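Okay, here we've got a single chain as C-alpha coordinates, the form predicted alone, with questions on binding and movement later.
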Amino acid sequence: MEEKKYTRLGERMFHQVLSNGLHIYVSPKPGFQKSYAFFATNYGGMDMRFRMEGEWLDTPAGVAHFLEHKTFDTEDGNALQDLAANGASPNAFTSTALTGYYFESTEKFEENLRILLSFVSVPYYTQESVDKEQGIIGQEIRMGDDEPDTQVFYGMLEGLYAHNPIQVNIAGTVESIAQITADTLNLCHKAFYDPGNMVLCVAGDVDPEEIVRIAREILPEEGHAPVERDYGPAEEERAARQDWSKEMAVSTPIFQLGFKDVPPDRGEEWLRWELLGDLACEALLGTSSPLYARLYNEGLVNEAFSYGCEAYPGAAFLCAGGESRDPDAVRKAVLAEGERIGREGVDEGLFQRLKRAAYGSLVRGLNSFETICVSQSVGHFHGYSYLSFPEVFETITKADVEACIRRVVTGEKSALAVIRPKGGTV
(Lines give C-alpha, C1' and ligand atoms only; values in the text may rest on other atoms or scores of the structure.)
Protein backbone atom coordinates (compact mmCIF):
# COMPACT_ATOMS: atom_id res chain seq x y z
CA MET A 1 0.00 0.00 0.00
CA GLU A 2 1.00 3.58 -0.53
CA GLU A 3 1.53 5.54 2.70
CA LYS A 4 1.27 9.29 2.69
CA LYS A 5 2.23 11.40 5.71
CA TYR A 6 0.59 14.75 6.39
CA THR A 7 3.20 16.17 8.73
CA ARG A 8 1.42 19.46 9.40
CA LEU A 9 -1.54 17.57 10.81
CA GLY A 10 0.33 14.67 12.38
CA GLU A 11 -1.79 12.34 10.25
CA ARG A 12 -0.99 9.53 7.84
CA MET A 13 -3.15 7.74 5.31
CA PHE A 14 -2.67 4.41 3.55
CA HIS A 15 -4.09 4.08 0.04
CA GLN A 16 -4.65 1.10 -2.22
CA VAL A 17 -6.47 0.69 -5.54
CA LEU A 18 -7.83 -2.81 -6.15
CA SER A 19 -7.98 -4.46 -9.57
CA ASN A 20 -11.76 -3.87 -9.59
CA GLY A 21 -11.23 -0.10 -9.30
CA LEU A 22 -12.10 0.31 -5.63
CA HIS A 23 -10.05 2.90 -3.76
CA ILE A 24 -9.31 2.06 -0.12
CA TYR A 25 -8.10 4.64 2.40
CA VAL A 26 -7.03 3.67 5.93
CA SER A 27 -6.23 6.17 8.67
CA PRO A 28 -4.46 4.19 11.45
CA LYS A 29 -5.23 5.30 15.01
CA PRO A 30 -3.14 3.13 17.36
CA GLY A 31 -4.46 2.77 20.88
CA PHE A 32 -8.07 3.75 20.13
CA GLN A 33 -10.79 1.24 21.02
CA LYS A 34 -13.33 2.44 18.49
CA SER A 35 -12.94 1.92 14.73
CA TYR A 36 -15.07 3.34 11.93
CA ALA A 37 -15.75 2.16 8.36
CA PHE A 38 -17.45 4.13 5.57
CA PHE A 39 -18.34 2.46 2.26
CA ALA A 40 -19.69 4.96 -0.26
CA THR A 41 -20.81 5.16 -3.85
CA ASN A 42 -20.58 8.20 -6.08
CA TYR A 43 -24.36 8.18 -6.55
CA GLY A 44 -26.96 10.48 -5.08
CA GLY A 45 -30.32 12.12 -5.57
CA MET A 46 -29.23 14.15 -8.60
CA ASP A 47 -28.12 11.08 -10.61
CA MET A 48 -31.38 10.34 -12.38
CA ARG A 49 -30.23 10.22 -16.01
CA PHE A 50 -27.26 8.13 -17.11
CA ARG A 51 -25.93 6.08 -19.98
CA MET A 52 -25.41 2.35 -19.55
CA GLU A 53 -24.31 -0.09 -22.24
CA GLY A 54 -24.75 2.61 -24.88
CA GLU A 55 -28.31 3.57 -23.89
CA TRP A 56 -29.48 6.70 -22.06
CA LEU A 57 -31.79 5.83 -19.16
CA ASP A 58 -34.10 8.03 -17.11
CA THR A 59 -35.02 6.94 -13.60
CA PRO A 60 -37.61 8.41 -11.22
CA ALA A 61 -36.66 10.96 -8.59
CA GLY A 62 -35.80 9.31 -5.28
CA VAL A 63 -34.23 6.06 -6.51
CA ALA A 64 -30.86 6.61 -4.78
CA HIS A 65 -32.57 7.21 -1.42
CA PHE A 66 -34.95 4.28 -1.95
CA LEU A 67 -32.02 2.04 -2.86
CA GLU A 68 -30.23 3.00 0.35
CA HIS A 69 -33.23 1.89 2.40
CA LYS A 70 -33.56 -1.47 0.65
CA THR A 71 -29.86 -2.33 0.41
CA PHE A 72 -29.86 -3.44 4.06
CA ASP A 73 -32.16 -6.31 3.05
CA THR A 74 -30.37 -9.62 2.58
CA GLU A 75 -31.54 -13.08 1.65
CA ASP A 76 -31.08 -14.11 5.29
CA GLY A 77 -32.69 -11.09 6.92
CA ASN A 78 -31.46 -7.56 7.56
CA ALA A 79 -27.84 -6.37 7.77
CA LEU A 80 -28.68 -3.66 10.31
CA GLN A 81 -29.72 -6.34 12.77
CA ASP A 82 -26.64 -8.44 12.00
CA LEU A 83 -24.30 -5.51 12.64
CA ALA A 84 -26.13 -4.47 15.82
CA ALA A 85 -25.96 -8.04 17.11
CA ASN A 86 -22.19 -7.82 16.66
CA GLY A 87 -21.98 -4.71 18.83
CA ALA A 88 -21.73 -2.25 15.93
CA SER A 89 -23.62 1.02 15.48
CA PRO A 90 -24.57 1.06 11.77
CA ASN A 91 -26.43 3.52 9.58
CA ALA A 92 -26.51 5.06 6.12
CA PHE A 93 -27.42 8.30 4.34
CA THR A 94 -28.13 9.57 0.86
CA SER A 95 -27.13 13.08 -0.18
CA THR A 96 -27.43 14.95 -3.45
CA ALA A 97 -24.34 13.27 -4.92
CA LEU A 98 -23.34 10.42 -2.58
CA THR A 99 -24.73 7.40 -0.74
CA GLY A 100 -22.76 6.07 2.22
CA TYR A 101 -23.06 3.04 4.53
CA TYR A 102 -21.11 2.97 7.77
CA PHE A 103 -20.65 1.53 11.21
CA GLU A 104 -18.49 2.06 14.26
CA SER A 105 -17.57 -0.65 16.72
CA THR A 106 -15.18 -1.46 19.55
CA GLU A 107 -15.14 -5.21 18.87
CA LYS A 108 -15.48 -7.66 15.99
CA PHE A 109 -14.47 -4.93 13.56
CA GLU A 110 -13.23 -7.24 10.83
CA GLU A 111 -16.35 -9.40 11.02
CA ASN A 112 -18.50 -6.29 10.82
CA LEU A 113 -16.51 -5.03 7.86
CA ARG A 114 -17.24 -8.27 6.02
CA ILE A 115 -20.94 -7.79 6.68
CA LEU A 116 -20.81 -4.19 5.44
CA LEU A 117 -19.00 -5.02 2.21
CA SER A 118 -21.23 -8.05 1.57
CA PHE A 119 -24.68 -6.53 1.92
CA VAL A 120 -23.79 -3.34 0.02
CA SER A 121 -22.23 -5.20 -2.91
CA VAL A 122 -24.77 -8.05 -3.21
CA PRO A 123 -28.25 -6.77 -4.17
CA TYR A 124 -31.36 -8.47 -2.84
CA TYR A 125 -34.52 -6.65 -3.85
CA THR A 126 -37.95 -8.26 -4.10
CA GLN A 127 -41.05 -6.60 -5.50
CA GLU A 128 -42.92 -7.41 -2.28
CA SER A 129 -40.39 -5.51 -0.16
CA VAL A 130 -40.33 -2.63 -2.66
CA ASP A 131 -44.11 -2.31 -2.51
CA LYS A 132 -43.97 -2.21 1.29
CA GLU A 133 -41.18 0.36 1.33
CA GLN A 134 -43.12 2.69 -0.97
CA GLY A 135 -45.61 3.22 1.83
CA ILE A 136 -42.88 3.85 4.41
CA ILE A 137 -40.91 6.30 2.27
CA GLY A 138 -44.14 7.89 1.05
CA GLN A 139 -44.94 8.77 4.66
CA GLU A 140 -41.43 10.16 5.08
CA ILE A 141 -41.93 12.34 1.99
CA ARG A 142 -45.27 13.63 3.28
CA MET A 143 -43.59 14.60 6.55
CA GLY A 144 -40.93 16.47 4.57
CA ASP A 145 -43.66 18.26 2.63
CA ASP A 146 -44.85 19.63 5.98
CA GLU A 147 -41.37 20.83 7.04
CA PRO A 148 -40.93 24.53 6.19
CA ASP A 149 -37.12 24.32 6.37
CA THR A 150 -37.04 21.56 3.75
CA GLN A 151 -39.52 23.30 1.48
CA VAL A 152 -37.79 26.68 1.60
CA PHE A 153 -34.36 25.18 0.86
CA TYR A 154 -35.58 23.39 -2.27
CA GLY A 155 -37.50 26.54 -3.17
CA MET A 156 -34.22 28.46 -3.17
CA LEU A 157 -32.65 25.81 -5.42
CA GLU A 158 -35.60 26.07 -7.81
CA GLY A 159 -34.91 29.79 -7.93
CA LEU A 160 -31.21 29.38 -8.62
CA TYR A 161 -31.36 26.56 -11.20
CA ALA A 162 -33.44 26.05 -14.32
CA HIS A 163 -32.22 22.56 -15.27
CA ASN A 164 -29.77 21.05 -12.79
CA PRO A 165 -31.39 18.16 -10.85
CA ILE A 166 -29.88 19.53 -7.64
CA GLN A 167 -33.28 21.22 -7.22
CA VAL A 168 -35.10 17.86 -7.01
CA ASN A 169 -35.76 16.53 -3.50
CA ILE A 170 -33.43 13.61 -2.71
CA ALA A 171 -36.36 11.51 -1.47
CA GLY A 172 -38.39 12.19 -4.61
CA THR A 173 -42.17 12.54 -4.51
CA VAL A 174 -44.95 10.11 -3.64
CA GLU A 175 -45.72 9.93 -7.35
CA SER A 176 -42.11 9.35 -8.46
CA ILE A 177 -41.32 6.57 -5.99
CA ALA A 178 -44.54 4.79 -7.04
CA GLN A 179 -42.74 4.13 -10.33
CA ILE A 180 -39.84 2.30 -8.64
CA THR A 181 -39.71 -1.48 -9.04
CA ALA A 182 -37.25 -4.17 -8.01
CA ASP A 183 -35.91 -4.03 -11.57
CA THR A 184 -35.25 -0.29 -11.16
CA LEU A 185 -33.20 -0.93 -8.01
CA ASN A 186 -31.24 -3.77 -9.61
CA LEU A 187 -30.47 -1.59 -12.65
CA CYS A 188 -29.20 1.33 -10.54
CA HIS A 189 -27.24 -0.99 -8.25
CA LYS A 190 -25.49 -2.45 -11.29
CA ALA A 191 -24.75 1.02 -12.65
CA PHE A 192 -23.52 2.73 -9.49
CA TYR A 193 -22.72 0.13 -6.82
CA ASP A 194 -19.72 -1.09 -8.77
CA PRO A 195 -16.32 -1.07 -7.00
CA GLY A 196 -14.96 1.27 -9.68
CA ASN A 197 -17.54 3.88 -8.60
CA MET A 198 -17.01 3.39 -4.86
CA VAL A 199 -14.60 4.13 -2.04
CA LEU A 200 -13.90 2.46 1.33
CA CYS A 201 -12.49 4.58 4.15
CA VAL A 202 -11.50 3.17 7.55
CA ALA A 203 -10.15 4.86 10.67
CA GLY A 204 -9.07 3.14 13.87
CA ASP A 205 -6.57 0.77 15.42
CA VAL A 206 -6.59 -1.50 12.38
CA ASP A 207 -4.10 -3.19 10.07
CA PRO A 208 -4.33 -1.51 6.63
CA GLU A 209 -3.18 -4.67 4.84
CA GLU A 210 -5.91 -6.68 6.55
CA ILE A 211 -8.54 -4.18 5.40
CA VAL A 212 -7.35 -4.65 1.82
CA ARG A 213 -7.33 -8.44 2.20
CA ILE A 214 -10.94 -8.46 3.43
CA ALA A 215 -12.05 -6.20 0.57
CA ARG A 216 -10.38 -8.50 -1.96
CA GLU A 217 -12.02 -11.51 -0.33
CA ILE A 218 -15.57 -10.10 -0.32
CA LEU A 219 -15.85 -7.90 -3.41
CA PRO A 220 -15.88 -8.86 -7.12
CA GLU A 221 -12.48 -9.17 -8.77
CA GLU A 222 -13.48 -6.91 -11.66
CA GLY A 223 -15.40 -3.68 -11.98
CA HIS A 224 -16.51 -1.37 -14.76
CA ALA A 225 -15.82 2.27 -15.44
CA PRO A 226 -18.26 4.78 -13.89
CA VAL A 227 -21.30 5.44 -16.06
CA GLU A 228 -21.77 8.75 -17.85
CA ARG A 229 -24.33 11.08 -16.25
CA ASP A 230 -26.47 13.89 -17.65
CA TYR A 231 -27.36 16.87 -15.46
CA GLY A 232 -29.16 18.85 -18.14
CA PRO A 233 -28.11 21.88 -20.21
CA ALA A 234 -25.42 24.22 -18.90
CA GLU A 235 -26.84 26.80 -16.52
CA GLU A 236 -26.63 30.54 -17.04
CA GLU A 237 -24.60 32.46 -14.48
CA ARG A 238 -27.68 34.39 -13.35
CA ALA A 239 -30.38 32.86 -11.17
CA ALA A 240 -33.27 31.22 -13.03
CA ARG A 241 -35.79 33.20 -10.96
CA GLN A 242 -35.13 35.60 -8.14
CA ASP A 243 -38.21 35.00 -6.00
CA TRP A 244 -40.08 31.92 -4.75
CA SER A 245 -42.74 31.86 -2.04
CA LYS A 246 -45.25 29.54 -0.42
CA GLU A 247 -47.68 29.75 2.48
CA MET A 248 -47.47 27.24 5.32
CA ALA A 249 -48.41 26.98 8.99
CA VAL A 250 -45.58 29.14 10.38
CA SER A 251 -45.78 32.04 12.81
CA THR A 252 -42.81 33.94 11.34
CA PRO A 253 -41.60 33.97 7.74
CA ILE A 254 -38.79 31.52 7.03
CA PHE A 255 -36.34 32.28 4.23
CA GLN A 256 -33.38 30.95 2.27
CA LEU A 257 -31.26 33.36 0.26
CA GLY A 258 -28.93 31.83 -2.32
CA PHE A 259 -26.18 33.20 -4.57
CA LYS A 260 -25.22 31.19 -7.64
CA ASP A 261 -21.56 30.63 -8.49
CA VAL A 262 -19.69 28.89 -11.30
CA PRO A 263 -18.97 25.25 -10.28
CA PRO A 264 -15.30 24.61 -9.43
CA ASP A 265 -13.00 22.33 -11.40
CA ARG A 266 -12.18 18.88 -10.05
CA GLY A 267 -9.12 18.39 -7.87
CA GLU A 268 -7.66 20.87 -5.42
CA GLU A 269 -9.60 23.68 -7.10
CA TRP A 270 -12.75 22.07 -5.72
CA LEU A 271 -11.31 21.95 -2.22
CA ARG A 272 -10.11 25.54 -2.56
CA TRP A 273 -13.57 26.68 -3.62
CA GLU A 274 -15.12 25.06 -0.54
CA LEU A 275 -12.55 26.59 1.84
CA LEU A 276 -12.83 29.98 0.16
CA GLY A 277 -16.63 29.83 0.15
CA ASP A 278 -16.70 29.10 3.87
CA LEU A 279 -14.43 32.07 4.59
CA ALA A 280 -16.47 34.35 2.33
CA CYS A 281 -19.64 33.35 4.19
CA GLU A 282 -17.99 34.05 7.53
CA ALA A 283 -16.73 37.46 6.38
CA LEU A 284 -20.09 38.49 4.92
CA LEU A 285 -22.64 36.72 7.12
CA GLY A 286 -20.87 35.22 10.13
CA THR A 287 -21.76 36.00 13.71
CA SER A 288 -18.59 38.11 13.97
CA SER A 289 -19.41 40.17 10.86
CA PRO A 290 -20.71 43.76 10.92
CA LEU A 291 -23.72 42.70 8.82
CA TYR A 292 -24.87 40.02 11.26
CA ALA A 293 -24.64 42.43 14.20
CA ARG A 294 -26.73 44.97 12.32
CA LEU A 295 -29.37 42.45 11.21
CA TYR A 296 -29.60 40.97 14.69
CA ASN A 297 -29.87 44.36 16.42
CA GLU A 298 -32.63 45.41 14.01
CA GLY A 299 -34.55 42.22 14.72
CA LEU A 300 -34.26 40.98 11.13
CA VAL A 301 -32.58 37.68 12.11
CA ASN A 302 -32.31 35.62 15.27
CA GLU A 303 -30.33 32.68 16.65
CA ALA A 304 -31.84 30.40 13.97
CA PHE A 305 -29.82 32.20 11.25
CA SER A 306 -27.37 29.91 9.43
CA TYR A 307 -25.18 30.07 6.33
CA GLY A 308 -22.80 28.03 4.21
CA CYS A 309 -21.69 27.00 0.73
CA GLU A 310 -22.18 23.86 -1.35
CA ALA A 311 -20.86 22.53 -4.66
CA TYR A 312 -22.06 19.68 -6.87
CA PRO A 313 -21.58 18.68 -10.50
CA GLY A 314 -22.73 21.68 -12.51
CA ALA A 315 -23.81 23.68 -9.46
CA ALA A 316 -22.28 25.79 -6.68
CA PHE A 317 -23.77 28.40 -4.38
CA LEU A 318 -23.53 30.37 -1.15
CA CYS A 319 -26.64 30.54 1.00
CA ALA A 320 -28.08 31.86 4.25
CA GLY A 321 -31.43 31.47 5.93
CA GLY A 322 -33.57 31.40 9.02
CA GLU A 323 -36.51 33.32 10.45
CA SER A 324 -37.16 36.98 9.65
CA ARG A 325 -40.08 39.37 9.89
CA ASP A 326 -38.82 40.95 6.62
CA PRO A 327 -36.82 38.59 4.36
CA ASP A 328 -36.74 41.18 1.55
CA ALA A 329 -34.97 43.61 3.88
CA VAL A 330 -32.42 40.89 4.68
CA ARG A 331 -31.70 40.38 0.98
CA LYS A 332 -31.27 44.13 0.42
CA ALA A 333 -28.91 44.36 3.40
CA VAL A 334 -26.81 41.37 2.23
CA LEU A 335 -26.52 42.81 -1.29
CA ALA A 336 -25.58 46.23 0.10
CA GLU A 337 -22.91 44.69 2.35
CA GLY A 338 -21.58 42.68 -0.58
CA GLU A 339 -21.22 45.91 -2.57
CA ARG A 340 -19.50 47.63 0.37
CA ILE A 341 -17.00 44.80 0.77
CA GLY A 342 -16.39 44.91 -2.96
CA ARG A 343 -15.46 48.59 -2.66
CA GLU A 344 -13.81 48.83 0.75
CA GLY A 345 -12.69 45.27 1.47
CA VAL A 346 -12.84 43.19 4.64
CA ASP A 347 -11.26 44.51 7.81
CA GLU A 348 -7.77 42.98 8.09
CA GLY A 349 -8.10 42.13 11.78
CA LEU A 350 -11.48 40.49 11.24
CA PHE A 351 -10.13 38.45 8.33
CA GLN A 352 -7.19 37.13 10.33
CA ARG A 353 -9.46 36.15 13.24
CA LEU A 354 -11.89 34.39 10.90
CA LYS A 355 -9.11 32.54 9.14
CA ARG A 356 -7.54 31.32 12.40
CA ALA A 357 -10.94 30.21 13.70
CA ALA A 358 -11.79 28.38 10.46
CA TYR A 359 -8.47 26.56 10.41
CA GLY A 360 -8.82 25.58 14.05
CA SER A 361 -12.28 24.17 13.35
CA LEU A 362 -10.91 22.08 10.46
CA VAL A 363 -8.14 20.67 12.63
CA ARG A 364 -10.50 19.87 15.50
CA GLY A 365 -12.69 18.00 13.05
CA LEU A 366 -9.92 15.44 12.66
CA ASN A 367 -10.71 14.22 16.19
CA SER A 368 -13.77 12.58 14.64
CA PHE A 369 -13.20 9.32 12.75
CA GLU A 370 -16.46 9.98 10.94
CA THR A 371 -15.24 13.37 9.72
CA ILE A 372 -11.98 11.88 8.45
CA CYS A 373 -13.68 9.03 6.56
CA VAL A 374 -16.62 10.95 5.12
CA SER A 375 -14.51 13.97 4.14
CA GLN A 376 -11.85 11.77 2.54
CA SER A 377 -14.54 9.94 0.57
CA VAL A 378 -16.16 13.14 -0.67
CA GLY A 379 -12.75 14.50 -1.59
CA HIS A 380 -11.88 11.33 -3.48
CA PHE A 381 -14.96 11.65 -5.66
CA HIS A 382 -14.01 15.23 -6.44
CA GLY A 383 -10.36 14.46 -7.12
CA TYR A 384 -8.54 15.69 -4.02
CA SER A 385 -7.26 14.43 -0.67
CA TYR A 386 -9.08 16.05 2.23
CA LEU A 387 -5.97 15.99 4.42
CA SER A 388 -4.25 18.38 2.03
CA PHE A 389 -6.43 21.24 3.29
CA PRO A 390 -3.65 23.05 5.26
CA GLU A 391 -1.57 23.71 2.12
CA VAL A 392 -4.62 24.84 0.16
CA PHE A 393 -6.04 26.90 3.00
CA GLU A 394 -2.89 28.95 3.49
CA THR A 395 -3.02 30.16 -0.13
CA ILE A 396 -6.37 31.90 0.43
CA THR A 397 -5.92 35.64 0.92
CA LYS A 398 -8.13 38.50 2.00
CA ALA A 399 -8.20 39.64 -1.62
CA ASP A 400 -9.48 36.19 -2.65
CA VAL A 401 -12.37 36.44 -0.18
CA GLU A 402 -13.21 39.95 -1.33
CA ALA A 403 -13.13 38.89 -4.98
CA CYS A 404 -15.40 35.93 -4.22
CA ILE A 405 -17.98 38.16 -2.52
CA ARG A 406 -17.74 40.72 -5.33
CA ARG A 407 -18.24 38.02 -7.97
CA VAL A 408 -21.03 36.02 -6.34
CA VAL A 409 -23.08 38.35 -4.14
CA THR A 410 -25.02 40.22 -6.81
CA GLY A 411 -28.69 40.79 -7.45
CA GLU A 412 -28.83 38.86 -10.71
CA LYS A 413 -27.23 35.78 -9.10
CA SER A 414 -29.54 35.80 -6.10
CA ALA A 415 -32.70 33.83 -5.38
CA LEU A 416 -34.87 34.43 -2.31
CA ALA A 417 -37.29 31.72 -1.17
CA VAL A 418 -39.79 32.54 1.57
CA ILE A 419 -42.33 30.49 3.51
CA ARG A 420 -44.93 32.95 4.73
CA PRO A 421 -47.65 32.44 7.38
CA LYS A 422 -50.93 31.14 5.96
CA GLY A 423 -53.36 33.96 5.39
CA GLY A 424 -50.94 36.43 6.90
CA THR A 425 -49.95 39.85 5.71
CA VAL A 426 -46.27 39.59 6.64
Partner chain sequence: MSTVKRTQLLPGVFLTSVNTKKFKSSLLSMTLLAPLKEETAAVNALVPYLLRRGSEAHPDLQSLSAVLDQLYGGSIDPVVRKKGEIQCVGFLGSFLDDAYTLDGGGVLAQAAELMGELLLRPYTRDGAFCPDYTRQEKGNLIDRIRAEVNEKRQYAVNRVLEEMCQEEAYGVGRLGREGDVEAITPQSAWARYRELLAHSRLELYYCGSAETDEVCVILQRALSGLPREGGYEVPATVVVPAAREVRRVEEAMDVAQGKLTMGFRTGGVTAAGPDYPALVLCNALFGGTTTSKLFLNVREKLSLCYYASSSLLRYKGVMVVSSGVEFSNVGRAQDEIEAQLEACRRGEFEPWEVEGGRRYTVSSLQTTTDSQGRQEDWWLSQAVAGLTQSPRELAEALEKVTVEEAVAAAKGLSLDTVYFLKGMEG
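Numbering follows the first chain given and starts at 1. Only the largest set of C-alpha atoms that superpose within 1.5 Å between the two forms is called the rigid core. What you see is a predicted model, and the numbers here were worked out from it, not measured in a lab.
In what follows, reference is made to the form predicted in complex with its partner chain, a form of this protein that is not presented.
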item	value
4.5 Å heavy atom contact, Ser245 and its partner chain in the predicted complex	no
Any non-hydrogen atom of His380 within 4.5 angstroms of its partner chain in the predicted complex	no
Partner contact for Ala178 in the predicted complex: its partner chain, 4.5 angstroms, heavy atom	no
4.5 Å heavy atom contact, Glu221 and its partner chain in the predicted complex	no
All of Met1, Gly54 and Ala240 with a heavy atom within 4.5 Å of its partner chain in the predicted complex	no
One stretch from 268-276, 81-89, 221-229, 178-186 that, in the predicted complex, holds residues within 4.5 Å of its partner chain by heavy atom	81-89
Of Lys332, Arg340, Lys132, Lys190, the one that lies within 4.5 Å of its partner chain in the predicted complex (heavy atoms)	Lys132
Residue among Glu140, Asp347, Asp205, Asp326 with a heavy atom within 4.5 Å of its partner chain in the predicted complex	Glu140
Interface residues of 241-263 toward its partner chain, as seen in the predicted complex [heavy atoms, 4.5 Å]	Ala249, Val250, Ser251, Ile254
Core-aligned C-alpha movement of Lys29 between this form and the one not shown, 2 Å or more	yes
